[in-house]
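The structure tokens that follow cover one protein chain in two forms, given apart as structure 1 and structure 2.
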Structure 1
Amino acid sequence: MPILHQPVDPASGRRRIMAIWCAQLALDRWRHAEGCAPGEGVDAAPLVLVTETAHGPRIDAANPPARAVGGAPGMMLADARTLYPKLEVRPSDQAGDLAFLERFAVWTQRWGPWSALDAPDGVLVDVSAVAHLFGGERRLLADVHDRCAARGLAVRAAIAPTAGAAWALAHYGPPGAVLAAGEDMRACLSDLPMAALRLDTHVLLVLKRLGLKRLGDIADVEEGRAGRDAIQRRFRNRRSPAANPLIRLDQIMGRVPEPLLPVVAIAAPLVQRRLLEPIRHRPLLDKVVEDLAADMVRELEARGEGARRLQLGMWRVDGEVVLRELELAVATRDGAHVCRLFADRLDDIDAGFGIEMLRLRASWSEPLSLAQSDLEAAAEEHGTSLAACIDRLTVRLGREAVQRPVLKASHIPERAQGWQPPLEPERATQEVLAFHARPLKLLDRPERISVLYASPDGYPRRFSWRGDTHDVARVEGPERIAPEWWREKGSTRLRDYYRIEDGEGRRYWIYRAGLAGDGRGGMPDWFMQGLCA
């Protein structure tokens, strides 16, 4: 995503930034979810939204009645309850708030060509040279206010030549403030409190102790003799603007650029068909899915992408929606392949009185460039590609059924092997050191066997497994594998592995769990774990 820089010189007067501050975002969203108007229903009583923290629940937002009885954001719930025991409490949803803010930022692009998030509860919109479309900047702000109020959001908005100034005016200025291009910025902003500089709380505390309370105070110090040096010596952090009032001041005045990251809406490729006549039969459905797949292939081709996950939604006449999802092993744009995979998934669909709309959506797509197919090779080769084969197996048998063994960092044999989807790249791991032979196959769970051996820790002589008795002809061992104390309980016993071959040439890998007298149980048990070739 490109980072847009504001012009360094605000005097050119071209750049206009609008800051929108949703002052009560969490509460407004909660009211919307509850379906109650402000001050009515549950909202009429004192109510707070809380998050769980390490020290107990902390208040995120408080409605006006709660604020009237002493609750405030940032307070511990226990303290607020001391003031007012009957306080209503609801959990807050910060992730949901952020997701909403992202959608809101896209929606605010109705007033300007691009917008940026100002987490946690604001949006910045570039309204350079667009105000005349709304009848001037005052009317633009009124429009913002009205439309947000219609959505149930209490907002404050302001327009200024820089993002910092717009933010400061929206949060601390008069409602509907507009800082015109030609105006003296310093004079307009000098009455705002120091918090309008968007500084960290500890920096604000230092400034307060220095006696600098308004923006005008610090600007005056800066303009005095050797004033800027004095502030610079005090605040040496040049990396984070939020820790340095000088950088923030320069950003507000437009003396240094403040990069903003615009929000760009990315729509998932989506194709749909509305049907004149609801369909109830499978051949027709297959035909429509085929058409949708062809549409989707064109859509993806235009974007230079291939689908990894596809969702087919079928809207029935009675309003039910049937969803079928498909995940592909690699990005693909092969319509026939997609149709074939969906065909396995459409067997159990109840069409009811008929399906009247179908929608195919690629909720996950990856870049896939156009490739020249090798004409000669295509004529010679037949069969499917590996990715198509994996897709077909996965669709019928499930994701868990088709996997590739990978190494894991562990000494314990069953933990040293993990499973992952077959076409995912393997993580770089240290190769197993080939000191010891390992069996070709490992049982899912070690099976207990009874073994005749020379106590306390001699070679196994004879054992019985699954009802058969095996005489041990050759044996190698023990290979001692200690328990992983950082993962397991202290009472876990060590394992002594033996590679054995019985009289008939069958080779096994067995272990004795524990030693006699190791203080972690009685006599050691023996287990069969691996089968050698």
Structure 2
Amino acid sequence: MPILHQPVDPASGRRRIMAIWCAQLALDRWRHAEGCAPGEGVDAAPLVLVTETAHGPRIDAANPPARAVGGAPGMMLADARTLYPKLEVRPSDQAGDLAFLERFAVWTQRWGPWSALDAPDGVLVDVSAVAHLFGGERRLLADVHDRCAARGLAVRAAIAPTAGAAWALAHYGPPGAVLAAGEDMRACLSDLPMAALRLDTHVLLVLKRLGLKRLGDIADVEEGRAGRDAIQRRFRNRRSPAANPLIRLDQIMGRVPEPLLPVVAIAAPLVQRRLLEPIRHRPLLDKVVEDLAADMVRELEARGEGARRLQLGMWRVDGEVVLRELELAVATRDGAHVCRLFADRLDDIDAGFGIEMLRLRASWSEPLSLAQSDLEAAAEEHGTSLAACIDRLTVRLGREAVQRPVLKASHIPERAQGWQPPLEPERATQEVLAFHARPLKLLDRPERISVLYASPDGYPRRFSWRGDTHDVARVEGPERIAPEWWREKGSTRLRDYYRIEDGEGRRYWIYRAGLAGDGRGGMPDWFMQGLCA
């Protein structure tokens, strides 16, 4: 993907960039999912969106009622609940926000030839030489506001000669700000706060301690050669633009280029059939699906790709649309295989007065090189194709029913393994963790047990689990496992694991959480983790 520098308007000789800031992107997406308008329904009560962190839930977004009672983004949820205990909480969806922003960036290309992401909640659009198509830049901004409001998005937009200036005006300038070509950029931006330079928080703190609070302050200091050299010496080791105010100031003034990475829309493979006569019977429907699958295979071959997810849409005469989705274990261009999988999904189709159009779309495709078809065909005929077998099991049993265990980089037993789709590649790890012997069966989660011991840090003598009492005949251990300090709170206690055997020869894997007097709680607790062979 090419990296573009900010373009130049050939008519005026000036570049024009429009910044669109979705000020409440996470909340707008949550309201859309809940089907409520701002300030209505669930949104009428104080509500925050939170993300789990190592130190507890942190607030990502707060609606106006929550802000009124003291909640704010960046605050810990525990602190916010001390101000308002009845605060409603919903999980944040940062990955979903970013995926939406990518689609939004493609949608904004209606106002310019290309756009770029300004994560996490903004988009930059090139509007050089296009404003006259909308009646001027003011009307262009009004059109942006109206269309985004129709989609339920609260946005602020601004146009300026550079991306940095447009971003600063969209976030901290007046609504609908336009910095015209030829205007004194320094004078127009001098009253904006220092945060308009898009600097890291600790850099802003340093500048605040130096008494530089507005763009005009740092512009006045760096105007003289001695002042610029002083700032340069203070941040000489900062190479990142977000950590060096001089680089950001030069970018916002247009003295140095700021590369932007444009978003390029990639059309998903799609084939469709409009029928002369509506169809109502299953054999005809199967025939049309077979034709669509053949068309899709040719479309994918032309791209050198294979389908991982397919969506079949059926338009009925009465206007209803019936959708069926299929997700495959590996990328494929096998039309017969796709038809067999869809056959199990079409049994409950109600054609009504008939289906007049069908559309097959590969919403997820991957590069797929040519393979030796004779070997694949032989494997398919003999029923030994693993991918085909997994696809059939997934269609019949459900997506969650067919998975395989994988190792994960953790020495905590319940985190050392997980589940994933059968043919997904395993995540790369730096090193394979070598463990001691583990029991044949691990419980889904450790279960608390009652233990009788001679001393708090000694061997267990008797324990009670699930209503039965067991006398300990043999003990092996302990194996000490420390907490994951990078993931857990500092108060998390270490574990001492014991392999024990009761009087009837049954073997267990138990652990003691913490030590007596470790300062991280009261007396240690005991848990049952697994069963040994």
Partner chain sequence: MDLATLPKAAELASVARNPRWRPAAGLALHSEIFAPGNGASGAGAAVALALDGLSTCKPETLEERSVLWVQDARSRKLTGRPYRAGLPETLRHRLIHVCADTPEDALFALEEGMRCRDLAFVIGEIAGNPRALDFTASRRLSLAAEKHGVPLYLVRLDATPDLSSARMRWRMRGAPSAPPRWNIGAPGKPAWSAELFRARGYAPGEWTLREDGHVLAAEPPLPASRSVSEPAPASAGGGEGQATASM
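Note that the rigid core is defined as the largest set of C-alphas that superpose within 1.5 Å between two forms. The first residue in the sequence of structure 1 is number 1, and each one after it adds one. All of these numbers come straight from a predicted model, not from anything done at the bench.
As for origin, structure 1 is the form predicted in complex with the partner chain and structure 2 is not.
Superposed on the core, the two forms differ at G352: its CA moves 2 Å or more between the two structures.
Core-superposed comparison between the two structures: the Cα of R480 travels 2 Å or more.
The two forms, fitted on the rigid core, differ between the two structures by less than 2 Å at the CA of G211.
Per-residue C-alpha deviation between the two structures, core superposed: G304, 6.4 Å.
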